[in-house]
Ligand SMILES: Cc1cc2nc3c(=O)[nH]c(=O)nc-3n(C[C@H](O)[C@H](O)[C@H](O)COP(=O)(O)O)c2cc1C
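One chain comes next, on its own, written as structure tokens: the form predicted alone.
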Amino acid sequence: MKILVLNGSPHKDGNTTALVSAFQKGAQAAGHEVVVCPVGTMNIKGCLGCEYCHTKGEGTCIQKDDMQKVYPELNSADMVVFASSVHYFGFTGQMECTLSRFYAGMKPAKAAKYGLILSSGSPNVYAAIETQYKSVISLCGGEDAGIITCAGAENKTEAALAKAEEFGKSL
């Protein structure tokens, strides 16, 4: 299975990236191909709502930014994992921009499974993101493969990284 991880964290060495690395290690050990797109550090703008993609572009977005690197991976993935730090009860702005650009193609072409990896400084801040995630996979006709969350002092601990690695192995 080809797994695409969209890492929405703007921190290259942060808690989310550590969880993504552990997940990737587990998934690769289980024989899966894993591609990580660091959308949190890429130049991806939000959807303009211009409708070019649905009127003239035949599903192609008019904007030419780093999302052009993500679309081919997105459309060939069997599974998509959204990974994000939590910024004030929501995905990072960078992840929100990436998600808004799904509109051009309306959904990933192949992905049947989805996963969610979240890290935050505080517990009990995940409800809005989990609702959004479940709405996205419902729209895409996908299956929820699992959700991993880590908060506060739990981040980057052996237990948290083992949990993320086990998630990857379980697929």
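A residue's number is simply how far along the shown sequence it sits, counting from 1. Bear in mind the structure is a predicted one, so any value in this text is a computation, not a measurement.
Quick note: we don't show the form predicted in complex with the named molecule, though the next part is all about it.
His11 belongs to the set of residues with a heavy atom inside 4.5 Å of the named molecule in the model of the complex.
Residue contact check for Gln24: none of its heavy atoms lie within 4.5 Å of the named molecule in the model of the complex.
Remark: Thr149 does not count among the residues lining the named molecule in the model of the complex, judged by a heavy atom distance of 4.5 Å or less. Although the partner is absent from this view, Gly31 stays clear of the named molecule in the model of the complex, with no non-hydrogen atom inside 4.5 angstroms. Proximity to the named molecule in the model of the complex, defined as a heavy atom within 4.5 Å, singles out one entry of Val35, Cys140, Val125, Cys61, which is Val125. Stretch 113 to 121 is the answer when you ask which of 113 to 121, 35 to 43, 65 to 73, 141 to 149 has residues with heavy atoms within 4.5 Å of the named molecule in the model of the complex. Along 73 to 91, these residues reach a heavy atom to within 4.5 Å of the named molecule in the model of the complex: Ser85, Val86, His87, Tyr88, Phe89.
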